[in-house]
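What follows is a single chain, given as structure tokens, in the form predicted on its own.
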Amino acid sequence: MTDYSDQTDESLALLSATDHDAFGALVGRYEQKLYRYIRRITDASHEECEDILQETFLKAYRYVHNFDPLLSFSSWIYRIAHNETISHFRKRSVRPQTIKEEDGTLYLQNITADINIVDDIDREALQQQLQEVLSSLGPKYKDVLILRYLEEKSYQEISDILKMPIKTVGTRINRAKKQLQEIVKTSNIILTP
């Protein structure tokens, strides 16, 4: 078997048109990342997430010849996963609504660092508040927050994944962060000096 470790994702995508092992290498690189992403934007069971993941890779393989090597492969495949997840839930007439509890700590660390909340805050209470807030945020805000703070994607990558202008991404992230800050200010969380 060929060693593809020195190949970029973009070059592997180009090779995938003629080399099935190259696509297998991409699956190996993205399988866990995409599974976690799907779990984060949905309340689906493990089996449903596996099904969505499989559909994502099937669609990516089917259309890999359309991949533009000037773009990021990561953004391209995340976009497919995002669309497959939404499509799956449209079939069930349910939009993904939850963020998994195991992501709470990472989410909390990333958001609190970015919005400069006092370090000595009662993190457990804040995490519980964030879970409540996130469940009440609309999908347009939740999607950008998940991509930014859990998947750690750049604004450009989020723009590519969600097919929206970078300015819109920035606006949605800022509005969502302001909503989160307002919740912290108006909640019963005690900030220590």
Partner chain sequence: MDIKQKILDTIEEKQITPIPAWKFLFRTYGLWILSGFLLVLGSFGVASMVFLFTKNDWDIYNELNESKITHLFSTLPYLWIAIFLLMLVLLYIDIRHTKRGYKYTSLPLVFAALGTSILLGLGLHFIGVGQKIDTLITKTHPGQAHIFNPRLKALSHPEKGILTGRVIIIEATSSSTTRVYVENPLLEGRWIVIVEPTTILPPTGIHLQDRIRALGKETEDVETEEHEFLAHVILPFNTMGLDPGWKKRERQLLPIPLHGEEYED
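All values reported here derive from a predicted model rather than from experimental measurement. Positions refer to the first chain, counted from 1.
Missing here is the form predicted together with the partner chain; even so, the following discussion is about that form.
Triple contact flag 23, 27 and 65 to the partner chain in the predicted bound form, non-hydrogen atom at 4.5 angstroms: The answer is yes: all three residues contact the partner (heavy atom, 4.5 Å cut-off).
Residue 140, heavy atom within 4.5 angstroms of the partner chain in the predicted bound form: Judged by the heavy-atom cut-off of 4.5 Å, residue 140 is well away from the partner chain in the predicted bound form.
Any non-hydrogen atom of residue 57 within 4.5 angstroms of the partner chain in the predicted bound form: Contact check for residue 57: yes, within 4.5 Å of the partner chain in the predicted bound form.
Partner proximity in the predicted bound form: residue 71 to the partner chain, non-hydrogen atom cutoff 4.5 Å: Within the cut-off, so yes.
Contact of residue 79 with the partner chain in the predicted bound form (heavy atom, 4.5 Å): Looking in the predicted bound form, residue contacts with the partner chain include residue 79, since a heavy atom lies within 4.5 Å.
Interface residues of 153 to 177 toward the partner chain, as seen in the predicted bound form [heavy atoms, 4.5 Å]: Going through 153 to 177 in order - heavy atoms within 4.5 Å of the partner chain in the predicted bound form - the hits are 156, 159, 160, 163, 164, 165, 167.
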